[in-house]
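Presented below, as structure tokens, is a lone chain in the form predicted alone.
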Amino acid sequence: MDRAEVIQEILDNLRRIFQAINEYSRNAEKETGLTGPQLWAIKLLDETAPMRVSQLAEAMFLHPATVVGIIDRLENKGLVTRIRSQEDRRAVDLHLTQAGEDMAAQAPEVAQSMLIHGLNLLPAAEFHCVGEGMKHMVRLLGVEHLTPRPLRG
């Protein structure tokens, strides 16, 4: 393949990724009324609750302040509750309500968890190749300074 064909393939693959994330997001929002990050939080809490905001943020690869906003919206929808920890009265544990558990059981999978699962299955050399490739893409676009925000998908 010549350089132009490889560039075309790279751009097509990026388009496919963005299309997939957007499609997962639209389907999730249609089915559940939740954004991708909200649904991802519900799915993670369903697997591991109770969790603290810091633990959920770590599992979602997001900043705790971002996750607090997600949890606020889920709490307003009656899907998550915050309960003071019995072991450490200063800490607050996140729990799903019954409605949250029902949502997690019937909701579709989210793109982020599919990506993380797939990345975790890659052999080390391929994993590092993907990581380096993504760093190069960020540098090519000149967006190293941007703070990453949650994907909608």
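Residues carry their position along the shown sequence, with the first being 1. Since this is a predicted model, take the numbers as computed values, not measurements.
One more form of this protein, predicted together with another copy of the chain, exists but is not displayed; see below.
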query: Heavy atom of each of 32, 81 and 92 within 4.5 Å of another copy of the chain in the predicted complex; finding: no
query: Any non-hydrogen atom of residue 111 within 4.5 angstroms of another copy of the chain in the predicted complex; finding: yes
query: Contact test in the predicted complex: residue 120 vs another copy of the chain, heavy atoms, 4.5 Å; finding: yes
query: Heavy atom of residue 116 within 4.5 Å of another copy of the chain in the predicted complex; finding: yes
query: Another copy of the chain contact at residue 124 in the predicted complex, heavy atom, 4.5 Å; finding: yes
query: Sequence-ordered list of residues in 30 to 47 near another copy of the chain in the predicted complex, where near means a heavy atom within 4.5 Å; finding: none
query: Distance direction in the predicted complex for the C-alpha atoms of residue 115 and residue 74, relative to the displayed form (3 angstroms or more); finding: farther
query: Pairwise C-alpha change, residue 59 versus residue 142, in the predicted complex against this form - closer or farther, 3 angstroms or more; finding: closer
